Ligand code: NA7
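One chain comes next, on its own, written out as structure tokens in the form predicted on its own.
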């Protein structure tokens, strides 16, 4: 019999992850702050937990994936929180993107409760969540990963154990800083090329055939060229992740000049956005400048 899985957080990533867990035959109990987001999964066989605590109490393994540190703290330690419902010997897997320090706090609390814990943020975007091809960056013990890997294989394709708790988040923040810089660099180069009268598509054609090729631009370059910034990876979340990366750098005494400069640009675009947009909307910084 397959272990019972709990899933707390049914956003752009969590909901398709839940669907893949159901397809793989895992008994699934779910909770989300906005209950209506669970409707599709409930029709497909998931059960509703009345609270994060109820999800944990019904599950052998609980996966959490929420938007930011305050949201994670709320669902773990708030009223009727996940940690209160975790049974001795169960496993908590957090796939949110938060700070390494917060994950170490979670790990310490889990240890006191005889609960195993992994920080396991993901990369791969909504398309990876839908296809079950996510890549996991994991902090924790190999024995714990071995226990839950059959579950994670329903939603992901590669699992990198990077060190003790917090290591997964450290690499995730570094990865997202790279993605943010790559997309901003493309937006700058696009402004240069189109400002000189050359079609942006020509830049993409050469770029993606060269040493400067970036996989993220297979997805983001077309939406930038179209100016269609429907959120796949929302700007508000990338902005949060860049802030967390810069905060970690400050704690470590490391200067990230390119990251800091990019954060200012993303901050400007975020402040001007009147709707929820993808982080590729950073291109609006130059589009606005050109139209001014």
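Positions refer to the first chain, counted from 1. Note that this is a predicted model, so its numbers are computed, not measured.
Heads up, the form predicted together with the named molecule isn't pictured, but that's what we're talking about next.
Colleague: Answer for residue 95 alone: is it within 4.5 Å of the named molecule in the predicted complex, judged on heavy atom distances?
Modeller: Heavy-atom contact with the named molecule at 4.5 Å: present for residue 95.
Colleague: According to a 4.5 angstroms non-hydrogen atom cut-off, is residue 10 in contact with the named molecule in the predicted complex?
Modeller: It does: once the named molecule is placed as it appears in the predicted complex, residue 10 has a heavy atom within 4.5 Å of it.
Colleague: Mark residue 71 yes when one of its heavy atoms lies within 4.5 Å of a heavy atom of the named molecule in the predicted complex, and no otherwise.
Modeller: Looking in the predicted complex, residue contacts with the named molecule include residue 71, since a heavy atom lies within 4.5 Å.
Colleague: Is it the case that residue 237, even though its partner is missing from this view, gets within 4.5 Å of the named molecule in the predicted complex, heavy atoms only?
Modeller: Residue 237 belongs to the contact set for the named molecule.
Colleague: Could you tell me which stretch in 39-47, 26-34, 250-258, 54-62 has residues with non-hydrogen atoms within 4.5 Å of the named molecule in the predicted complex?
Modeller: Of the options, only 26-34 has residues within 4.5 Å of the partner.
Colleague: Pick from 75, 86, 107, 183: which has a non-hydrogen atom within 4.5 Å of the named molecule in the predicted complex?
Modeller: Contact residue from the list: 75.
Colleague: If we check the named molecule in the predicted complex, which of the residues in 145-164 reach within 4.5 angstroms of it by a non-hydrogen atom?
Modeller: Residues within 4.5 Å: none in this stretch.
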